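What follows is a single chain, given as structure tokens, in the form predicted alone.
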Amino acid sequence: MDLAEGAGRRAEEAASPGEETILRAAIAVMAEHGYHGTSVRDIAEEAGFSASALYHHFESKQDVLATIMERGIKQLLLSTRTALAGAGEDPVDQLSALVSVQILFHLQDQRGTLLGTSEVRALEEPVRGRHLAKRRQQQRMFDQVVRRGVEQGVFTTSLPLEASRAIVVMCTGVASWFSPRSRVSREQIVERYQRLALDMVGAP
């Protein structure tokens, strides 16, 4: 079993308490020091385990990162597909649903989001290629909604692909600055970014 298959299996199965503890610890340490600045011992110490105990659950530090990335993208794809399926046929409602999921998902675990954004480059092949393919699936859902809106005359942008990519980047980026202590709630941010997204595609 290669790392991609192992990470994929763990993403689909319920993680053991030990695995959950290690993954949370890895996110905390890697988000602060980066993948290459973090050792297996650092993760183990943060988790309250010995290094040998960590290897009981994961083959390597790369395996830990691959599992974090795989779990994140699978959950995002599932949440996005579910929201899109429930949004009806109106491209405005569909795009609003996509924006809501993209923002709220990435605010669930801001450190995990920042890690996922910054450390894709640290993934080794074939894990990296498979992960990037799933990210493209996520982007395509935005692309298809915006294109459909343009075809139906609901959206007027002349740059549908560029607009949909900008919307994804804009929504994901909220995790880099949002503070729970802010006077603006998550729900208010979603409403404002839905309006921004609709403005970007030229909706009425």
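Numbers follow the displayed sequence, beginning with 1. As the structure is a computational prediction, the values presented were derived from the model and not from experiment.
From this point on, the text means the form predicted in complex with a further copy of the same chain, which you will not see here.
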With a 4.5 Å heavy atom cut-off to a further copy of the same chain in the predicted complex, the contacting stretch among 42-50, 62-70, 25-33, 142-150 is 25-33
Check: Applying a 4.5 Å heavy atom distance criterion, does R195 contact a further copy of the same chain in the predicted complex?
Finding: yes
Give a yes or no for S118: in the predicted complex, does one of its heavy atoms lie within 4.5 Å of a heavy atom belonging to a further copy of the same chain?
yes
When the contact criterion is heavy atoms within 4.5 Å, does V154 count as touching a further copy of the same chain in the predicted complex? no
Checked 165-204 against a further copy of the same chain in the predicted complex; residues with a heavy atom within 4.5 Å, sequence order, are R165, A166, V169, M170, G173, W177, R192, Y193, R195, L196, D199, M200
